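In structure tokens, one chain follows: the form predicted on its own.
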Amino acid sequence: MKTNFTDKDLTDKIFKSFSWVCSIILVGAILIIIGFLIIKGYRSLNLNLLFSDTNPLDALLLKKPVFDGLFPAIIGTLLLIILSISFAVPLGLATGIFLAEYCPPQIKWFFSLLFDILAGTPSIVIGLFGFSLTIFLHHYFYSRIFPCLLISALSLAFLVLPYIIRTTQVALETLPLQTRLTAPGLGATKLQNIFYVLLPSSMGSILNGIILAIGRCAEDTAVIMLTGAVAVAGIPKSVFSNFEALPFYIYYISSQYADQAELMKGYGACLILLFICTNLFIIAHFIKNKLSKRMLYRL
């Protein structure tokens, strides 16, 4: 018995050490990448990078366009994220609730497998689908439909839907049986049980999926380069306009820069995109903590 206990203890220590080594390697790699971007791009971070020759106040008030700065790309990125999440979250939550609470077991496995496959679909395939959809709508429904902000947002929403759906489904299905049966035992209907007990109890896990979707919308390039993003477009006047976005700008500059100064602007764009994503994640986590505490308090 003593030997078995020692072997088990040694195995636990080896596994723990291996986990620590992997974590340190991962964190180190991330810090190296971020440090490299900071070293390369911090010199280019100034108002000229954002607004070029345009007065910052005039640009912020939309009085004058910005042609050679990143301000339109920043606005385009934020609009793209907001539109994509606005489309994806309601549909994803509804589908996840259906799979977890209403879908018959005979076909649930099929839909679960389907959404797992969709989650692994390369983004370039989704971009080609959005581009093909644009051509179809242009030829058969409305000749003024071209690649635009709306098509990009819909394509990105389709890209992140599987994450939200499966996160919602798993979060609801893994709730303890006692939590599931308490409200029905007191006379609540199934719909009341879902909205007043099950969703508040699983809100933390569901919001994790939404946060992941926000990050995917902010960084994806393959989808938007085929469905509406261009190098120079200014701030989009409507959802049917072309737009600029930071991921596409970074790709464009890194592949076609004319001199070292343009490459430095690309590094600066990387830092700005990283800053935007970090703040979006912080805001999302703050909202998540607030909602989780409020809903648990109601319970």
Partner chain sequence: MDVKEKILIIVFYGASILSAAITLIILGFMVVLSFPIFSEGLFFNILTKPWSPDQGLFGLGPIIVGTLCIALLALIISFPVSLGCSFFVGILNPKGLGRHFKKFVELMTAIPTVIYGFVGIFLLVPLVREIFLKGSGLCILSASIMLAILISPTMILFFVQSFKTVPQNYLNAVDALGGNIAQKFFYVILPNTRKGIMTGIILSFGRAVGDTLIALMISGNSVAFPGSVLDSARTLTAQIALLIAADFESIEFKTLFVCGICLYIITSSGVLMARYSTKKKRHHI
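Positions refer to the first chain, counted from 1. Only a predicted model underlies this, so the values are computations on that prediction, with no experimental measurement involved. Between two forms, the rigid core is the largest collection of C-alphas that superpose within 1.5 Å.
From this point on, the text means the form predicted together with its partner chain, which you will not see here.
To test your reading of this chain, name the stretch in 223-231, 78-86, 173-181, 200-208 whose heavy atoms come within 4.5 Å of its partner chain in the predicted bound form. Flagged stretch: 223-231.
message = in the predicted bound form, is there a heavy atom of its partner chain that lies within 4.5 Å of any heavy atom of L113, even though the partner is absent here?
response = Flag for L113 set to yes.
Query - Contact of I107 with its partner chain in the predicted bound form (heavy atom, 4.5 Å) - result: Answer yes; at least one heavy atom of I107 falls within 4.5 Å of its partner chain in the predicted bound form.
Review point. So, in the predicted bound form, is I126 in contact with its partner chain at a 4.5 angstroms heavy atom limit?
Key: Because a heavy atom of I126 falls inside 4.5 Å of its partner chain in the predicted bound form, the answer is yes.
Is there any non-hydrogen atom of C277 lying within 4.5 Å of its partner chain in the predicted bound form?
Residue-level check for C277: yes, a contact with its partner chain.
### Query
Is its partner chain in the predicted bound form near all of L47, L57 and F141, within 4.5 Å of a heavy atom of each?
Judged in the predicted bound form, none of L47, L57 and F141 sits within 4.5 Å of its partner chain.
Q. Judged by heavy atom distances of 4.5 Å or less, which residues of 252-268 approach its partner chain in the predicted bound form?
A. The stretch 252-268, when checked against its partner chain in the predicted bound form, contributes S254, Y257, L263, G266, Y267 at the 4.5 Å heavy-atom cut-off.
* C-alpha of S238 off by 2 Å or more between the shown form and the other one on rigid core -> Superposed on the core, S238 moves its C-alpha less than 2 Å between the shown form and the other one.
How about I253 - superposed on the rigid core, does its CA move between the shown form and the other one by 2 Å or more? False for I253: its C-alpha shift is below 2 Å.
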